[in-house]
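Here you get one chain, nothing else, as structure tokens; it is the form predicted on its own.
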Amino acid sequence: MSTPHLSASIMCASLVSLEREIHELEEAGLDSIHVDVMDAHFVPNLTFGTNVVEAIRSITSLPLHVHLMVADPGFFAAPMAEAGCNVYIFHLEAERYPFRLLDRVRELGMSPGVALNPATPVELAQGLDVEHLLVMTVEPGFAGQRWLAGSERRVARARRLMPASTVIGVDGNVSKTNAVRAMRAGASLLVCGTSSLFGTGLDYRSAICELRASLAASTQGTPTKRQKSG
């Protein structure tokens, strides 16, 4: 089993010192930056826009995964491409014409993906030509929620249904324990927020090393030192 891709949910970082945070994450070994875009319509919260994506692009070479939690995801496609987005993930629940938008995302030079709310059957993504499928393990819109029961089964079902080339990701309370559960179910992209990176009390390098160690140990069937000590 290959090492999962770790993406940092930047809305959980300190926005007062965003440039320093991003450089520290980059130096700590993160694989990409996950940018949550919320419009206060699709979800009851308001976060970043294209200007923030453009600013982040100017200070890092890491891939930018933009997660559109918006009522009209097609509206943002061209502006996000211009701002420097690499992976464009929109919610299937918000888009009436997903095939058309997926084609548009590719035309703009981005890698297309879709996200699924916890109540949305993963079977609805079957047949979509997507490079990323993001399985929400919490209700979208806020950090700090609990991992929803049944999430591993959804990930496993998505892995069975989608082509092997599709990256299956999870987003929401991806703690060390839940990261292992997700990886064992078939996830290869983990969105890291407060439970595994920003709220651990560790520096970013230590938090990432601990997470990677837990994931590696799980594939070998051996506990990490911290797990041994309880």
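Numbers for residues come from their place in the sequence shown, where the first is 1. As the structure is a prediction and not an experimental result, all values here were calculated from the model.
Keep in mind that the form predicted in complex with a small molecule is missing from the display, and what follows is about it.
Partner proximity in the model of the complex, defined as non-hydrogen atoms within 4.5 angstroms of the small molecule, places exactly one of 200-208, 187-195, 52-60, 161-169 at the interface: 187-195. Within 4.5 Å of the small molecule in the model of the complex, a heavy atom is found for not a single one of His65, Pro112 and Val135.
Proximity of Val70 to the small molecule in the model of the complex: non-hydrogen atoms within 4.5 Å are absent; the residue sits far from the partner. Heavy atoms of Asn178 never reach within 4.5 Å of the small molecule in the model of the complex, leaving it off the interface. Among residues of the shown chain, Leu30 is not one whose heavy atoms approach the small molecule to within 4.5 Å in the model of the complex.
Looking at Gly144, you'd find a heavy atom of it within 4.5 angstroms of the small molecule in the model of the complex.
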